[in-house]
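Take a look at this one chain, the form predicted on its own, written out in structure tokens.
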């Protein structure tokens, strides 16, 4: 039984549905936020500062795109929001860990995140590193608990896919390639591969996770995995365009860092218009992936447009 009644969208008019989608995302973001808050309660013991940093990194901001995907795709298969919100909270915690570490001086060295001081600036570098470590392990702990799903095989499938998406063959590997590529002109295929790992894998997993949680058949899981991969790629291209065109106030983080760091981006390789065209192509592919779901996937179709039309 769903805990909320999100607004129904019509895929025929995606631009007109933007406000309805934002409302729906806000509802689901609050659900995921409440779940994170419950799973990371404040403490007064020796770990109080660590928990405070973990909560600072995860609560009070962000689009919750990954959490939204997990909850929304799970709803296609009648999964309760109590269960899917746990998966959404898990992926948001792991995403937060990646941002905490990404902002460190040894990585992208950024003082701002979501318009606020980065975790290492709010606390200190050692605390930020430990907070990221703890968020990563907490994310897997949540998936392993029976409250996520009573069937251990489903929990194992979630954990296996999550580990693959976030480790050396996924997000972390993409981050390493990104760092190694600074100051070098990478060809387009390498940039695609880099971002498919660094950004795309976790978004792909978020879409796939709902199907795993819902015990969907292999073809529907493949469809949602492909949808996630396509909007993940489109999301990164939109990020590249925003980095080149938006202000720090709009982004909530330092603007223009890709160019300053000498990174090979979709904008550097394709130009702004070419990058936007590529994002639109991927969005259309993502919508085609959803064909078997019909009108039930209208919100996911609208989301595919949202990722390339957002301003932060």
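Numbering follows the first chain given and starts at 1. A quick note: this is a predicted structure, and the numbers were derived from the prediction, not measured.
The discussion below concerns the form predicted in complex with a further copy of the same chain, not included here.
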Notebook entry, point to check: in the predicted complex, which of 209-217, 160-168, 72-80, 225-233 comes within 4.5 Å of a further copy of the same chain (heavy atoms)?
Noted result: 160-168
Next item on the list: Could you spot which one of 267, 31, 65, 54 gets a heavy atom to within 4.5 Å of a further copy of the same chain in the predicted complex?
Entry: 54
Check: Just one of 186, 172, 112, 241 has a heavy atom within 4.5 Å of a further copy of the same chain in the predicted complex. Which one?
Finding: 172
Margin query: Can you tell me whether residue 141 touches a further copy of the same chain? I mean in the predicted complex, with a 4.5 angstroms heavy atom cut-off.
Written below: yes
Item checked: is_contact(residue 147, a further copy of the same chain) in the predicted complex, heavy atom dist at most 4.5 Å -> no
Next item on the list: Flag residue 41 as yes or no: does it have a non-hydrogen atom within 4.5 angstroms of any non-hydrogen atom of a further copy of the same chain in the predicted complex?
Entry: no
Margin query: I'd like to know whether residue 284 contacts a further copy of the same chain in the predicted complex, with contact meaning heavy atoms within 4.5 angstroms.
Written below: no
Check: Has each of 50, 101 and 136 got a heavy atom lying within 4.5 angstroms of a further copy of the same chain in the predicted complex?
Finding: yes
Checklist line | Partner contacts in the predicted complex for 119-155 (non-hydrogen atom within 4.5 angstroms of a further copy of the same chain) | finding: 124, 125, 126, 127, 129, 130, 133, 134, 136, 137, 140, 141, 144, 152, 153, 155
